[in-house]
Ligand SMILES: Cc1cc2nc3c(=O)[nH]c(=O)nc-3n(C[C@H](O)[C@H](O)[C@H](O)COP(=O)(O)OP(=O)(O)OC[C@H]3O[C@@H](n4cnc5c(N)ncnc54)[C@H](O)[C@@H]3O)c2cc1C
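Have a look below at one chain only, the form predicted alone, in structure tokens format.
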Amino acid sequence: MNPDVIVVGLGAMGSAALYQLAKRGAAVHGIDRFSPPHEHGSSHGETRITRQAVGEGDAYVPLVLRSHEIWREIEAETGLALFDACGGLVFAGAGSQHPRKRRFLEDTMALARQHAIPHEVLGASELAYRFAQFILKGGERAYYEPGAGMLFPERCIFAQLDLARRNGAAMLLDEPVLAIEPEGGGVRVRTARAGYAAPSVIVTAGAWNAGLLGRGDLTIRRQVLTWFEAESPDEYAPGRFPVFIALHGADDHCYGFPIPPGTAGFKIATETYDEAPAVPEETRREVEEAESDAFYDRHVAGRLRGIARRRVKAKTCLYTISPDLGFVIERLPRDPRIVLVSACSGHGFKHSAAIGEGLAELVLDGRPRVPLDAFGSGRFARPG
């Protein structure tokens, strides 16, 4: 029997959509070219930042607030720890701005006030006193949000796929999708093994979305995550150190995490857009030692106490980005039976639980409780 819905891609967004559809009693198939959780896409690396005052824009705040509720519901149902509210810090040096989100710190503060999100605004002296791990220049301004923290992405995906399976979802793994085509009154998904049909298809294939759906407005960029040795790991434990986003200059920013129990190394990264657009199957996955050394010199040395140059490990992930760094969530104009979820531009995981719920409501009921209208691609011209 054909399913009611097919979900293509079972990472952050796809696992959430599959779970929420199955939870509502839909007959649903999930298809992935790998066996999630895996390290080939955008939903790995042990930790992801989550914050409630989302400086990327007001439309995201309801998504993250609802996601925090869903993470706690899933934790209660599965007994797994998915979310550590260890606090989150955004700080900027005098005159510093995010290179692609110009008023990021100011917008974060304004949204916290608008939505009554508990927070503190710290000056340089208070920041230095509270978080002595940072080496500051003076003149920094900071936003601290106690309800922010880190998610454990592999665990989140595993939990939602497990709940989806318990609720009757079928999963077709290690099965690459080759084409998604309208057929009669529905949509046919053709894979390397077989073909499957359903009245609706949700495409959450991350870096593979652009190729599957011919979307030239979506580009893929390789990103590097690095873990360095902490000389005193306890100084960087949750409860003593927050997740953070640091804006040091016009083109100088990074983000990092506490060291979760049972893990090794201090994770820190930045967003890079200077390499040529990537192709998922051709992306260089190894990280050269020289890349890590250059990153350490630019973002760690002289800025964080007790973080050694020795690299513990490094991984790559893929950002799929839109022209304005915003999400693209929409029924395709050429065929509204196909729903595209893409271009999460590196800030999507924190919203994924609510987006999965919204997708289930959109497909089954026609309208999600958390509005998704702001994320249509009509806001920018699409090539071709």
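Note that residue numbering follows the sequence shown and begins at 1. Remember, it's a predicted structure, so these values are computed and weren't measured experimentally.
The discussion below concerns the form predicted in complex with the ligand, not included here.
This chain appears without its partner; in the predicted complex, the one residue of F104, Y196, Y144, W208 with a heavy atom within 4.5 Å of the ligand is W208. Shown without its partner, this chain lists D217, E175, E291, E235 as candidates; in the predicted complex, only E175 has a non-hydrogen atom within 4.5 angstroms of the ligand. Residue contact with the ligand in the predicted complex: I6 places no heavy atom within 4.5 Å of it. Within this chain, V28 is remote from the site of the ligand in the predicted complex, having no heavy atom within 4.5 Å. When contacts are judged by a 4.5 Å heavy atom cut-off, L10 counts as touching the ligand in the predicted complex. In the predicted complex, none of the heavy atoms of F134 sits within 4.5 Å of a heavy atom of the ligand. No residue of the trio C156, F158 and P260 has any heavy atom within 4.5 Å of the ligand in the predicted complex. Note on the interface: of 118-126, 219-227, 87-95, 301-309, the segment with non-hydrogen atoms within 4.5 angstroms of the ligand in the predicted complex is 219-227. Of all the residues from 43-69, those having a non-hydrogen atom no more than 4.5 Å from the ligand in the predicted complex are S43, R48, I49.
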